[in-house]
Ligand SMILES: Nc1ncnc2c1ncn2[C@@H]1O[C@H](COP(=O)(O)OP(=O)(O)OP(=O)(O)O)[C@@H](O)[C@H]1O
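Below you will find one chain, with nothing else, as structure tokens; this is the form predicted alone, and questions on how it binds or moves follow later.
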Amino acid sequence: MSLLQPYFQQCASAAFSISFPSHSFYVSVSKRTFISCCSSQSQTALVDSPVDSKIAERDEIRLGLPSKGRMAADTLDLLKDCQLSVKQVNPRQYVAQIPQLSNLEVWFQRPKDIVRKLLSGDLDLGIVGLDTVSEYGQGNEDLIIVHDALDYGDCRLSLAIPKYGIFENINSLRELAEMPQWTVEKPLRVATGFTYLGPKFMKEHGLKHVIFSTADGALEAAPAMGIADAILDLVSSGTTLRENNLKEIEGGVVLESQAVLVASRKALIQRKGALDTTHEILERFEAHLRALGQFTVTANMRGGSAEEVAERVLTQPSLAGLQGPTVCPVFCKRDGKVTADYYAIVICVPKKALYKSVQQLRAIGGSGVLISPLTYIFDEETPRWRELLSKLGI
């Protein structure tokens, strides 16, 4: 399939119908896009139809990464921390390599194009925000979330309304829905870039008289300019909303999002080497992310035996480690004889419990405490790998 085909599909101007049980949605294609949601006998919608194609004939596996912005930088940092540094001959090129994965190509794309090309078969794996997967994947079963928590890009897709005027005392989605102002003739106007998730969310929560619009520029200005009553947008800290006199409301969060590793189901099953490569990437991600914020703590302690020292250590709740403490003798030479008066204790401790753990070690006779950050923690088997195989029916 041509790489340009998804773009030609975006430019199509013809609409087609799909059925909804209780309302209809209509999208008119123009410089500004409007989507209305209201009770009606007519049931028409214009939506992107993901391409259901066969796997293209090629040997290499393709990984799509965000091409610019904070998400792009954080993704490259994660790969580097997992010893999977991306090598670009020229920073202007859209294709790169990861030397540790010889059969893999990296393609830098816009996040929404990563999802579209996963569906069209032009990419096999991708790293994007869950919000992007949900908006442009539209629930397509060919998309599989391989890792759902890469620990960056945290945000939420949330509905926000003005703090003033008719919304001053409105603090929940239920209260918003019950406002008598919203009718077929005068629906609630919502500015958003999420023209799939927005109508879907309103439909599921029983808000019938709603019209969605997407406009250029910052959505936060839309209510103050009078072109929208509310906005549906990604929120991180909420500072921008507050500075524009907007507020989130109870029940108004559509989706909690962060960076995820997503794959094409067809690629994992049909493309040679795709599943093995995914397994390696997943294991590296899991091992590194599990080690974040963890420390190795080593201390020496007097004792009559390893068992006696271990029993003393396990009386302290913060010293259990992952499965328990490692205790081994520390040999020294005294009066010409080799003895083991001390035992070394090695445990893994979360950063938030580090100082408390050191205090507990000292309290039971620990000394010479050494602390080192952890880089990887590999499990016997990655739980998410078992989940992936289950999703694939393997």
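Numbers follow the displayed sequence, beginning with 1. Computed from a prediction, not measured in an experiment: that's the story for all the values here.
There is another form of the same protein, the form predicted in complex with the named molecule; it is not shown, and what comes next is about it.
**Student:** Residues in which of 172-180, 205-213, 115-123, 228-236 have heavy atoms within 4.5 Å of the named molecule in the predicted complex?
**Tutor:** Looking at the partner contacts, the answer comes out as 228-236.
**Student:** Using heavy atoms only and a 4.5 Å cut-off, determine which of Glu168, Asp77, Asp154, Glu141 is in contact with the named molecule in the predicted complex.
**Tutor:** The residue from Glu168, Asp77, Asp154, Glu141 that makes the contact is Asp154.
**Student:** Select from the listed residues Arg302, Arg290, Arg110, Lys247 the one whose heavy atoms reach within 4.5 Å of the named molecule in the predicted complex.
**Tutor:** Looking at Arg302, Arg290, Arg110, Lys247 one by one, just Arg110 meets the 4.5 Å heavy-atom criterion.
**Student:** Within a 4.5 Å heavy atom cut-off, is Ala320 in contact with the named molecule in the predicted complex?
**Tutor:** Residue-level check for Ala320: no, no contact with the named molecule.
**Student:** Would you classify Lys351 as touching the named molecule in the predicted complex, given a 4.5 Å non-hydrogen atom cut-off?
**Tutor:** Lys351 lies outside the contact set for the named molecule.
**Student:** Please check if Gly69 has a heavy atom lying within 4.5 Å of any heavy atom of the named molecule in the predicted complex.
**Tutor:** Yes, contact at 4.5 Å.
**Student:** Just to confirm, Thr132 within 4.5 Å of the named molecule in the predicted complex by heavy atoms?
**Tutor:** Taking the distances in the predicted complex, the answer for Thr132 is yes, it comes within 4.5 Å of the named molecule.
**Student:** Using a 4.5 Å cut-off on heavy atoms, which residues of 242-262 contact the named molecule in the predicted complex?
**Tutor:** Sequence-ordered list has one entry, Ser257.
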